[in-house]
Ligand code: NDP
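Next up: a single chain in structure tokens, the form predicted on its own.
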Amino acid sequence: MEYRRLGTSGLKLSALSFGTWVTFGRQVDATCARALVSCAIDHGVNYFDSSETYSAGMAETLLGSALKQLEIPRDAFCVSSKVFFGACSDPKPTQRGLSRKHVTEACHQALKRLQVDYLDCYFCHRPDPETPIAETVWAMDTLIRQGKVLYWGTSEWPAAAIREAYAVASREHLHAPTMEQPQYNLLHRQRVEAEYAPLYDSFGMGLTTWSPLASGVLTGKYARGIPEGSRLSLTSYKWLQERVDMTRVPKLLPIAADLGLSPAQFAIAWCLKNPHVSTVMLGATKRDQLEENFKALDMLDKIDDAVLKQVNVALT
């Protein structure tokens, strides 16, 4: 496993990490969760990501139980949660958003579900137009000073809002965000490569990217329709079908084949080539999926400048 600094911080995360979105609590039960976490640890993964809203908190509960049962020393792994959407299907006004109250309550609830004393990383899952950014920055700073959070960041925030958060932190001498968690893959590049470009050098921001396979589309498995039991077949995730452009995938498959890579390995390795990416989060429901995807780390040398140019041509 390769380990990369989280932006300009001193925290080193495994280049490939493990996330629980969609899978834990929906497609993965406690037994399978423990097997997947065990597999990830065997491959050197030291960072595990979840959120209050994933399966209404059940994803965090399953992840926390797996880590506890596997008896992984707390100083040997990093775990994150995210706050915004709430952990229930019909949240009251104080059970969602980025107010000081919800940011604080959600942190305490995540600690309990994950069975840990502190969160290594805590993300604002989306921007909250109804809460002043300054209030959220103060809330995160308080949690850090209390020792309940080590690093805080944003997820899918526009660059202007991230700049404002840094400005507040600088002006008030508070802990600034360390990282952003955006979607990043071959089909979804603009925000990471263009919108955020000025932020990396200005603030030393790291990226913990999600959906390297575009919800499975980049594996090529949807070329002939949507298989039963797949992520895009889930009723609650029908919105994914509307957001993912499948028409460009056939142009990428020959490039992967020429390199001797599976489509999934190619897509993951491509994400890892971006120097601003601190870690690429993988998701899986089966151990063999995870095993195959970890091999992408050994294929980085195959993704050279010529291949990157091929990709850009294929996607234009």
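Numbers follow the displayed sequence, beginning with 1. Model, not experiment: these values are computed from the prediction.
The form predicted in complex with this ligand exists for this protein as well; it is not shown, and the discussion that follows is about that form.
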Among the candidate residues Tyr222, Phe84, Phe77, Tyr151, which is the single one with a non-hydrogen atom no more than 4.5 Å from this ligand in the predicted bound form? Tyr222
Answer key: of Ser38, Gln69, Gln27, Asn274, within 4.5 Å of this ligand in the predicted bound form (heavy atoms) is Gln27
Okay, which stretch from 142-150, 159-167, 187-195, 207-215 lines this ligand in the predicted bound form, with non-hydrogen atoms inside 4.5 Å? 207-215
Hey, in the predicted bound form, is Glu292 touching this ligand, heavy atoms inside 4.5 Å? yes
Answer yes if any heavy atom of Arg96 is within 4.5 Å of a heavy atom of this ligand in the predicted bound form; otherwise answer no. no
Contact with this ligand in the predicted bound form for Arg113, defined as at least one heavy atom pair within 4.5 Å: yes or no? no
Indicate whether Phe266 is a 4.5 Å heavy atom neighbour of this ligand in the predicted bound form. no
Could you run down 278-305 and flag each residue that has a heavy atom within 4.5 Å of this ligand in the predicted bound form? Met281, Leu282, Gly283, Ala284, Thr285, Lys286, Gln289, Glu292, Asn293
